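One chain comes next, on its own, written out as structure tokens in the form predicted alone.
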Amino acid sequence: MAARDQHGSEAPWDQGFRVIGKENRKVDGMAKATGEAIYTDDIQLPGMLHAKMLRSPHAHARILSIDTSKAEALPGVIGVLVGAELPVRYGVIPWTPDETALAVDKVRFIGDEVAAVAALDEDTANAAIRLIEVEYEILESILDAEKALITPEPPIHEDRKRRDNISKHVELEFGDVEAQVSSADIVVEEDYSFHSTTHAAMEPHCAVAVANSDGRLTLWSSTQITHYVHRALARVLQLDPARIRVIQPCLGGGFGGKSDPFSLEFVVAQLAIKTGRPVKMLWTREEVFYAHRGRHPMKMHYRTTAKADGTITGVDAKLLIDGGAYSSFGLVTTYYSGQLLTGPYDFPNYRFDSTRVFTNRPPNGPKRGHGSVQPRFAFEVQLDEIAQRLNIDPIEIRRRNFLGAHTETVNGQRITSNGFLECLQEVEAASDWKARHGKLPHGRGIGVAGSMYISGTNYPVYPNKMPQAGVQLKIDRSGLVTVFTGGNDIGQGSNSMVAYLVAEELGIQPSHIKVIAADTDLCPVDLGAYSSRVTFMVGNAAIDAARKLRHKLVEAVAVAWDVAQKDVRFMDGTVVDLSAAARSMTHVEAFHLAEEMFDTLGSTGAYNTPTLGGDYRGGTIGSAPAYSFTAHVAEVEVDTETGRITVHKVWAAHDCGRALNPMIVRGQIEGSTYMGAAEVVLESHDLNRFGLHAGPSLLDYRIPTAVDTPELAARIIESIDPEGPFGAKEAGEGPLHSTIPAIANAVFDAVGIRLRHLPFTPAKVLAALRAKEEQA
């Protein structure tokens, strides 16, 4: 019986793949390698002005007055903008609109945007910014999450129903956690903390806007959420959405850092309308640090109970999340911090109490592995401690608690495919775990950790029943197929992915596929590159569109040859008759036959998640159509004289379903692992006691160079998901999660200390070593 996919259609890959699973070149690879690729800052328009931003020097202050007269009088200044001109609040999540394009009444962190200037050149704009006079009333600032939790005054956001500084509070319990404590054979209870880190994408934020004489606004932006920027522009500028066009050019990295609407997008748009000229704003690296939206700092208290054989009986978590000055994705973050912990292990009782607070720090948002990297660190370290106390091999305890495939988590998340055991087996063998764990010389150790992450999200951010991803195909008589997708390629290769899928489905070469993406005038709606949704959702939409088109092509050829449709096969740009091997035609000829029969050829496809999640408030947040699974083994060396940790090698096995392009998947696994290792021993987004950045530059913010990067051994595990596009799941975020606790657990294996507070600085290592000696 022929294989059938999630659409109920016969799957062409039942006969073997021609494109999928091969190491094909990225569709934009040559353009990026040669410098032909156009990024936002490459855009130059006739008469274009350059805009700069005035930022707050205070962490918390009321704006009493703004005088822009001197700036406006400076020769070369064409336009000036203040917050009162754009007072409408926005937010990527519609229930928490608490930002304005420029500060209207008060500033809430050092670097908050206050005013903007458009001038003939950047130097003039910078000079004008310095001429703007702002009178502030300085308010008490709150820079600590624990203080924000207990301090209602002064409220950082005053116009809310709540008269405190709590951004969001979620408390959910599944089963009876307390009942497990008295009967457990072992209870491990500890505090953990995760620091703030930023994305450090190569390309800074940039936006260019032009308002045409016909009243149409076009914005080019280095964003990863074209659709949400389009919605936010219409709201803030109070324009008809049909008269706004948003385009994402090539993007020099995002990692979640470009998945909010940002102030510069509104500012250049309004300045373009106000001046009648194109306007560009490119943030400096320092400004990117100010705007932030990086990883949320979390303070976490975990209590885990287990039987003597290592079976987990209950997990109890209490989390305090520093949200910074604005909401961003904070509502989702608060849920993700608890909802995404319930795999790859099966525990029957679970409770999490998660609170996100506002502080006068730069706003935090989504960073690769959004919301669940921090809890995963705490829990995996705790699980390792349970194994150590029970004298159970750390890999074995993870096997014993395996969740399984085609099952459900304690909080109602549907699990389809699950290759976690294979991931464990792979890293166990590759690292020679049994022969080396606990047996290396003092100062050298290996550690393991596992994780689970979503492939897309059932939560569409704003309520609607329309598709979460759409794709449109157009056939040309030359044989070219153009794919229009709203998906955002942020360097992960999503444009290439849709090209591979359409080429496979239509049986043509990828060289005959052209992808046009992330242009709101041309492409169907897609919600953006976040929560690892693109491969699963856009991929399924692309297959849906291609399959509809293939049916027409097959029918046209079958009629022309007078054969059954099952005997018509498209492959590698050639159409063959399976009943008469000598008969064939090119795909171009087939396109012509189909156009003769059906008129102009094209099709659309879409994807929406099935009904998912538990039947309780917030049950859909964290639910996904599929989940990826990962296991890491890290090898480290700890210098007991200096406290320095060196990560020598990380073996990373990731269950991505089917690898659509193994080369790209390995790159994503390695990139995630690299980023996780960096957060352990190097990265830290530090502020001083006044809320000022300690070093907002890539000279001061430490990220690994080639010298610091460990050897990365990426292993692909293919569980073949029944609902993924040709069986695929995510590979871009999941492999980060277990990197961090694997390194922490390796440190314990090396020198016998448990490090529970990130980052692992030499000072913390030496302090833990001294404490161990004192207890000996």
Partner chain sequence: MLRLPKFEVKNPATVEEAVAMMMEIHGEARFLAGGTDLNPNMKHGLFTPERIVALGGIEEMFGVGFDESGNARIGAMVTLAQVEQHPDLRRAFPALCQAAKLVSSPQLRNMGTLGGNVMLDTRCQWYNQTYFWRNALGYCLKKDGSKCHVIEGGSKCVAAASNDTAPALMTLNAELEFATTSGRVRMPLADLWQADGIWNKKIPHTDLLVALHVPKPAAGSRGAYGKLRDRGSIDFPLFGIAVRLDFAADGSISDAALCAVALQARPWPLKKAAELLIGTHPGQASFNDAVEKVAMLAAKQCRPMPNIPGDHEYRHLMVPVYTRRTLHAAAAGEGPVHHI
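Because the structure is a prediction, the values reported are computed rather than measured. Numbering follows the first chain given and starts at 1.
If you look for the form predicted in complex with its partner chain, you will not find it shown, but the lines that follow are about it.
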Taking 4.5 angstroms as the cut-off for heavy atoms, does Ser56 touch its partner chain in the predicted bound form?
-> yes
Gly695, heavy atom within 4.5 angstroms of its partner chain in the predicted bound form: yes
In the predicted bound form, does Gly323 come within 4.5 Å of its partner chain, counting heavy atoms only?
no
### Contact label in the predicted bound form: Val134 to its partner chain, heavy atom within 4.5 Å
no
At 4.5 angstroms, heavy atoms only, are Ala405, Gly614 and Phe726 all close to its partner chain in the predicted bound form? no
Per contact check vs its partner chain in the predicted bound form (non-hydrogen atom within 4.5 angstroms), the hit among 638-646, 515-523, 564-572, 585-593 is 638-646
With the partner omitted here, the residue among Phe379, Phe484, Tyr290, Tyr335 that in the predicted bound form has a heavy atom within 4.5 Å of its partner chain is Tyr290
With the partner omitted here, the residue among Ala435, Ala73, Ala308, Leu699 that in the predicted bound form has a heavy atom within 4.5 Å of its partner chain is Leu699
Those residues of 524-542 with a non-hydrogen atom no more than 4.5 Å from its partner chain in the predicted bound form are none
